[in-house]
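Coming up is one lone chain in structure tokens, specifically the form predicted on its own.
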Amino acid sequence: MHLSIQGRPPEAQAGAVLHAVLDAGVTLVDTADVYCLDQNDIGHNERLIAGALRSWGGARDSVVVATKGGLVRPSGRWDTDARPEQLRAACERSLRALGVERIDLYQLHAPDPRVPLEESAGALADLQAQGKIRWVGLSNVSVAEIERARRVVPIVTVQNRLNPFFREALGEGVVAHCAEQGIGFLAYSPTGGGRLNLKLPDHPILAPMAKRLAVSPHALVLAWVMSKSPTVIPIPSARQVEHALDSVHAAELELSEEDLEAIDRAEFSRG
């Protein structure tokens, strides 16, 4: 996302970030049509990813690209619009932006309070039946909403927020439900996002732990997120190659039970 919204880097730098993580073995890239500046810039991130994959030397079929529909960006706002006709139009735009005939994973970005969830899920079921998407996912949903959607279309992933500052996905049972049902849980903002990210290097529990283990505090947090369930997949964002690769290296980090419990107990202030 941060390669395409306000403060985004030059496209050459964005391409270098994407190539670096692909070379490092990343096989899932998450995007959305609304990762852009405003409605006139729709699809910016999808086009970046498509270009990086075309110029990358590796096997394109080894990478799953997940995108989303159901939000719009009038005047740069983030508004919900999950009407079936909007989702169909958004999917067609994403197909063109990504340069593919079928999207690997297409996710409902958020339920629309003005549209029955079953209607939005039904549009995704139709797109799947037409061969335009392979798998269907949801984002920003509760356990009850997951089950409502599953009665309409098979759901393979759920993308909700999860980090030490925001643990509602744990407390409300979404992570556990996904594990029980064999649904992948894509953890967005896994290190806190925005200004909360900046709190990690000075955190009283993370800082000494990171020094002892010779890793970054961000890598510690990503390892903690992954520890919460075998089906949890964090999707960190980065504008710089070194930050992107630091996130990749977190996949190799196994924390002790004592360290995980220390992070569990620690206070992560949002103030």
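Residues carry their position along the shown sequence, with the first being 1. All values derive from a computational prediction rather than experimental measurement.
One more form of this protein, predicted together with a small molecule, exists but is not displayed; see below.
- Contact between A238 and the small molecule in the predicted complex is found at the 4.5 Å heavy atom cutoff.
- Within this chain, Y188 lines the site of the small molecule in the predicted complex, having a heavy atom no more than 4.5 Å away.
- By the criterion of a heavy atom within 4.5 Å, P84 is excluded from the residues contacting the small molecule in the predicted complex.
- Although the partner is absent here, H2 sits close enough that one of its heavy atoms falls within 4.5 Å of the small molecule in the predicted complex.
- Listed stretches are 97-105, 145-153, 171-179, 192-200; the contact stretch with the small molecule in the predicted complex is 192-200, by a heavy atom cutoff of 4.5 Å.
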